[in-house]
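Below, in structure tokens: the form predicted on its own, a single chain.
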């Protein structure tokens, strides 16, 4: 009986919503805090060849997603705004031609204010991008310099104003707990962003990621108490300005939540294309994760070869993987999740997660009702501790 209770059989989950993520891995310069798969631009970017590689990558993946509707597209990086509008138009045309992209799909492009040109932004809009995500990080010149950003505060404002005038939805990325930052400086960044009036704001705590220059030579950062005060200040200021705090680091005006990220957080499916891209797809007999080769040249050579060899890793998610990965995503949402969503997306009974849910509730990290499990205020502040319960 205990085997049935605690290790229920894995069933075939129904198909989850499908998104597409396309990775463009080049940056003008690598930021010292960044651990993403990005590569400093040391020569002319091989845009045409990389687009050939993305097209071939998609063609090879078509049998895995055939007939499924795509609800969102996210072009991330790196700095995708290093690509020309014509290149982005070619990519989106390829995706629309080979996939069943919803006419209402959210199509996001990440951009760096340091690559801002008004004509370039208009070209992205004409190509079909309807949501722009700008990596502002700060409006303070000293903090931008400490973060190694290539733009200044004037370029940040100009890019944000132009984007908000052009695109249906704009996200501004901000960071707090920056080197030498005090509470008033963090407040000034938020107030500047609020005055600009984007539909969506992301406020991230700067963390020292392994294998980055900041991890090797840590700068002087605000202590944990000051960082917590910065987080609370962001929640209060943005809430008062009409932004809903719906996810750990995400704030949105009504109707402006990021649909692509919501698909991640509700354990939806996504096809990852490009160097270092990750994907997660549900099949009739398994849930599978894939990763592409990381280095751009190795990826292009491999995907354009015959036979292709661009897939670096493929693995099926077992019972424990499904429980942890679902919780790792869904518990980022302040509203939590319905147990029925867990069962639908993982193919498992909620009983498979009961021990972890009960332990998290006992430790005050989780609140539960019949049709909802959500992080408590303590669980939101100590999210890593909450997630470790399910490891």
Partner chain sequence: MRNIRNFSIIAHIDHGKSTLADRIIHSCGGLADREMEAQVLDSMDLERERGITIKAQTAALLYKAKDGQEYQLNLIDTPGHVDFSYEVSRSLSACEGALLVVDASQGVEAQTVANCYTAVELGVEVFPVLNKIDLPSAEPERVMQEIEDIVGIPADHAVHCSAKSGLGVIDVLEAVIQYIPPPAGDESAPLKALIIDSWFDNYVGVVMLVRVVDGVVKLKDRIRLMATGVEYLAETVGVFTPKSLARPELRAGQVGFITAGIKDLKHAKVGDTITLANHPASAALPGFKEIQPQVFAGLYPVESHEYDSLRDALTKLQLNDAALRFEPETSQALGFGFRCGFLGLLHMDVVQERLEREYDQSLITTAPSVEYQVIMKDGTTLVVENPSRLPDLSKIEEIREPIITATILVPEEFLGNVMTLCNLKRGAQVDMKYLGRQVMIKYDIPLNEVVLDFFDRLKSTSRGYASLDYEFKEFRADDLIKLDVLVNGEKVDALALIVHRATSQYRGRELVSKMRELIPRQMFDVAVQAAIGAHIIARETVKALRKNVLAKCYGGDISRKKKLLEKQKEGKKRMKQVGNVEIPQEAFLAILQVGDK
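Quantities reported herein were computed from a predicted structural model and do not represent experimental measurements. Residue numbers count along the first chain shown, from 1.
Heads up, the form predicted in complex with its partner chain isn't pictured, but that's what we're talking about next.
- Its partner chain in the predicted bound form comes within 4.5 Å of no heavy atom belonging to residue 140.
- Although the partner is absent here, residue 224 sits close enough that one of its heavy atoms falls within 4.5 Å of its partner chain in the predicted bound form.
- Although the partner is absent here, residue 228 sits close enough that one of its heavy atoms falls within 4.5 Å of its partner chain in the predicted bound form.
- At the 4.5 Å threshold, heavy atoms of residue 68 stay clear of its partner chain in the predicted bound form, well away from it.
- Note on the interface: of 59-67, 327-335, 340-348, 43-51, the segment with non-hydrogen atoms within 4.5 angstroms of its partner chain in the predicted bound form is 327-335.
- Note on the partner interface in the predicted bound form: the residue among 167, 214, 265, 83 having a heavy atom within 4.5 angstroms of its partner chain is 265.
- The contact with its partner chain in the predicted bound form, taken as any heavy atom within 4.5 Å, belongs to 248 out of 248, 115, 94, 130.
- The candidate spot formed by 292, 298 and 306 lies out of contact with its partner chain in the predicted bound form, as no residue has a heavy atom within 4.5 Å of it.
- Using a 4.5 Å cut-off on any heavy atom, the residues of 360-377 that reach its partner chain in the predicted bound form are, in sequence order, 363, 365.
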